[in-house]
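As structure tokens, one chain now follows by itself in the form predicted alone.
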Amino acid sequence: MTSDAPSPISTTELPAAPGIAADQVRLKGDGGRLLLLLPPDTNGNRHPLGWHDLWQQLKQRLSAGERFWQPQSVVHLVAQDRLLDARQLQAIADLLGEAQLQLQRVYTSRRQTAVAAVTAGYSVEQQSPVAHLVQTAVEPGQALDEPLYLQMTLRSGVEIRHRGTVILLGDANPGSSIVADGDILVWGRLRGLAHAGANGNREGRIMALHMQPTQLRIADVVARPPETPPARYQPEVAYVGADGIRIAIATDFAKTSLSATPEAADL
């Protein structure tokens, strides 16, 4: 798992291979990555490809023609606005596995698809349905996406990226990563990496019932956990203070955050 942002993906810059229309399933090499691009489900497409036809096309792409990928290559599924449930994602992963490919990350503008992918253990980047897959910086003052609610345990190797606030009801295990342009709230144990205000907003906050991260980031400010963990855990809030990231007890922070600097301790 890495906390570095994946390279931008723009479907508009990915022309279809000869003989393959842009509204069909495509496999595309892009900067050393292998992309599996699904055609849009809506977005003005008068005759969107149904699941059965999509499935058949994928089988044909994987079994026909000259393969340009190496065995065990990692696949980034660009689902766009396709609504995919857990069964369909598993079917795609199984089919890729038969071709010695590994599904790792899902790009989607659909909340249901994002939740299904995270639940299945894949890294997810939920993107704006307007911006689609052109990853650009959020302009100051631009509204964030609606919060992403997840109820699960984030396993090691799973990364969540969202242009809004991420609310996790469950634990984030070591090796997991949450990157949000808004706040991050973990109603459980935070033991992975958390990066709030990823669009550069130092007002972002990270809250957890049990704060034991491998790393905290707010905007461009980074903090690592103390060598000696606290003797007792309680709900805490991480925020950017005058000298870097600080952590306050949640109840203290709530009482004082709007009027004065809360009593806090260095991380």
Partner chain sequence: MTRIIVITSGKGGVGKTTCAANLGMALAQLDQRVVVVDADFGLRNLDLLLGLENRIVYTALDVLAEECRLDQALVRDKRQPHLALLPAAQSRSKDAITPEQMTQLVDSLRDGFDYVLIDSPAGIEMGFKNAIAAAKESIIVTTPEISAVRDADRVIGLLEANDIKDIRLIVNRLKPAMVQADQMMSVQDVQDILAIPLLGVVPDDERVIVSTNRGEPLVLEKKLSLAGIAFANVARRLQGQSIPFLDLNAPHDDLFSRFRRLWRN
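So that the term is clear: the rigid core is the largest set of C-alpha atoms that superpose within 1.5 Å between two forms. Positions refer to the first chain, counted from 1. Computed from a predicted model, the values in this text were never measured in an experiment.
In what follows, reference is made to the form predicted together with its partner chain, a form of this protein that is not presented.
Note on the partner interface in the predicted bound form: the residue among R163, R191, R110, H76 having a heavy atom within 4.5 angstroms of its partner chain is R191.
Checking G121, P174, G170, G97 for any heavy atom within 4.5 Å of its partner chain in the predicted bound form turns up a single hit: P174. Not displayed here, its partner chain is approached by S156 to within 4.5 Å at the level of heavy atoms in the predicted bound form.
Interface residue remark: Q56 is counted as part of the site for its partner chain in the predicted bound form, having a heavy atom within 4.5 Å. Per the 4.5 Å heavy atom criterion, its partner chain in the predicted bound form is contacted by stretch 183-191, the sole one of 113-121, 100-108, 183-191, 80-88.
Core-aligned CA deviation for L95 between this form and the one not shown: 2 Å or greater.
Note on G175 and D94: their C-alpha atoms are more widely spaced in the predicted bound form, a change of at least 3 Å from this conformation.
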